[in-house]
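To begin, one chain is listed below as structure tokens, in the form predicted on its own.
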């Protein structure tokens, strides 16, 4: 009699397939992924801090969280544009994508600084 697959086996197989597929990812995309994880983790720390301590300067809290989330979104856009397997941006040089990322980050943080007051 064949033993049915358990949820644990399915999760293990999924994790193994994701890990083996991600090992083939180029290093520059892994660095961008690490930056996105860092930005999201920083936003989560700020939310946890606000939940524990309070949100007295609410503009500061919103500015910090929106800065982290906006930076993560812009980094995901950079990752999409730099990815060689993405056929939509194959004619876009990586230097141009990085320049767009830097310019958009500059505009984002100017708006956030203005929001702080």
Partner chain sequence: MRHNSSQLGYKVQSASIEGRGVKLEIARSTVLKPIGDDSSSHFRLVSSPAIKFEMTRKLGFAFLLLAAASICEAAAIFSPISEAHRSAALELFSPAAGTFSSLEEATEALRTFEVLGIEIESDLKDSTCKSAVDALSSGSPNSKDLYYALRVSSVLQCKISDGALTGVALRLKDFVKDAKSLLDFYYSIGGLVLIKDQTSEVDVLLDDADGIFRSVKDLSQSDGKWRYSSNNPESSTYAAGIALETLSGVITLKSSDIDGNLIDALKRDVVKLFDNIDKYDDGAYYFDDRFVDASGHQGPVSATSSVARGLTTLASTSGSLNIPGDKILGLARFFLGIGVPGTGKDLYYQIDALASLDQSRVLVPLILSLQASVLSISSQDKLKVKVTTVLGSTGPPLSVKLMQVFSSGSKDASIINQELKFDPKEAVHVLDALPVGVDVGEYVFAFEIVLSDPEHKKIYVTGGRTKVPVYVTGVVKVENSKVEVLESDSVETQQKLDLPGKNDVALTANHLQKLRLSFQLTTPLQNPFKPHQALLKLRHESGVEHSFVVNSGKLFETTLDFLGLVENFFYLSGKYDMELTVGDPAMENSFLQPLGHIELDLPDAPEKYGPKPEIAHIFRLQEKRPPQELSYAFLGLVFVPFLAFLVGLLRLGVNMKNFPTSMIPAAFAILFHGGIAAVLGLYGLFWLKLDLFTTLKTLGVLGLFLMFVGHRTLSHLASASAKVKSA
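Positions refer to the first chain, counted from 1. Because the structure is predicted, anything quoted here is derived from the model rather than measured.
What comes next is about the form predicted in complex with the partner chain, which does not appear here.
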Residue 114, heavy atom within 4.5 angstroms of the partner chain in the predicted complex | yes
Does residue 38 reach the partner chain in the predicted complex if we count a contact as any heavy atom within 4.5 Å?
-> yes
Look up in the predicted complex whether residue 16 has a non-hydrogen atom within 4.5 angstroms of the partner chain, and give yes or no.
-> no
Using 4.5 Å between non-hydrogen atoms, is residue 69 touching the partner chain in the predicted complex?
-> no
Heavy atom of each of 11, 61 and 65 within 4.5 Å of the partner chain in the predicted complex = no
Sequence-ordered list of residues in 99-115 near the partner chain in the predicted complex, where near means a heavy atom within 4.5 Å = 99, 102, 106, 107, 109, 110, 113, 114
